[in-house]
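There is one chain below, alone, in structure tokens, taken in the form predicted alone.
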Amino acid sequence: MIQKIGILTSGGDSPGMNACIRAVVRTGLYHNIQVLGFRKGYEGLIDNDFVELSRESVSGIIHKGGTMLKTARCPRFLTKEGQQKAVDHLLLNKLDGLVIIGGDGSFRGAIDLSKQIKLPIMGCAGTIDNDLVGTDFTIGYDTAINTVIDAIDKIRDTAESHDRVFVIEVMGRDAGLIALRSAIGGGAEALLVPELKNDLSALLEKMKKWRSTKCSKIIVVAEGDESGGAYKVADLIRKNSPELELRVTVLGHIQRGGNPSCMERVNASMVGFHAVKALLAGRKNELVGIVNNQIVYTPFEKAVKHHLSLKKDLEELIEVLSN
């Protein structure tokens, strides 16, 4: 019997988290399940800081970015003492299940919890990086790439007006999936991402072959690329091509914020709904994802592994279209 569950958002915030929270709460209440929301992720479990969530408390949040439950990185949870306090409070509140919305580190925390307490845990992938195995699109990714596209479109206006090269840095410490689709959708001339090694020298060679008729040149760089980021890329280009007028734009945290897209809201609602349904069905320790428009369940141990490569057809696509 599932009578009381908890929910928390952990790690970096992403647009669509609120839509997922809303779906979990309303699905739970529909099935007469009490829902406790723990504030600031694992910090809330350690401090027993929670609020009981009602239908009214999640009204008017589906369109908002961020997370109403707040989120945080939690170094204390990496310690045995912190984990024990979290377990103690889960037992104290007599929870029958837990839903965690977050990314790689959040689900590693779920694995640690599952080793210490027989509590069913379900996960919903909330990260703009889209770097988890077990779902085609994580909560936040679609909105983030649309934010980047909007910025690229605006930057290109200035680039074309002044015949400038713009190096645009986007988020992606370990994965270049934001950069990849943004570069394709934004019509970029070049892409630098962690998955494509030794690509900086190739960029310099490619720049020599750029058509003279190009009045704007956009280079998209993922922050985790081995080149060291947009400013280092720009410095190298200046040394090799001092005749070019060049500017750098680091988009930063604007990629995390903003109202979630329609697709984001629907997908986040779907996985939140199915996370509760999965608990009712006796499932545990799995990520709820959407693959080929179907709900799938992936054990946390497999879900936390990063994508190690990009899709070859997308790599080829940007190479061909950027000429």
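All residue numbers are counted from 1 along the displayed sequence. From a predicted model like this one, the values you see are computed outputs, not experimental measurements.
The protein also exists as the form predicted together with a small molecule; that form is not presented, and the subsequent description refers to it.
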| item | value |
| --- | --- |
| Per-stretch contact check against the small molecule in the model of the complex, the hit in 186-194, 161-169, 146-154, 108-116 (non-hydrogen atom, 4.5 angstroms) | 108-116 |
| Distance check, residue 173 to the small molecule in the model of the complex, heavy atom within 4.5 Å | yes |
| Touches the small molecule in the model of the complex: residue 236 (any heavy atom, 4.5 Å) | no |
| Exercise: residue 83 in contact with the small molecule in the model of the complex, heavy atom 4.5 Å | yes |
| Residue 142, heavy atom within 4.5 angstroms of the small molecule in the model of the complex | no |
| Single option in 203, 74, 251, 90 placed near the small molecule in the model of the complex, where near means a heavy atom within 4.5 Å | 74 |
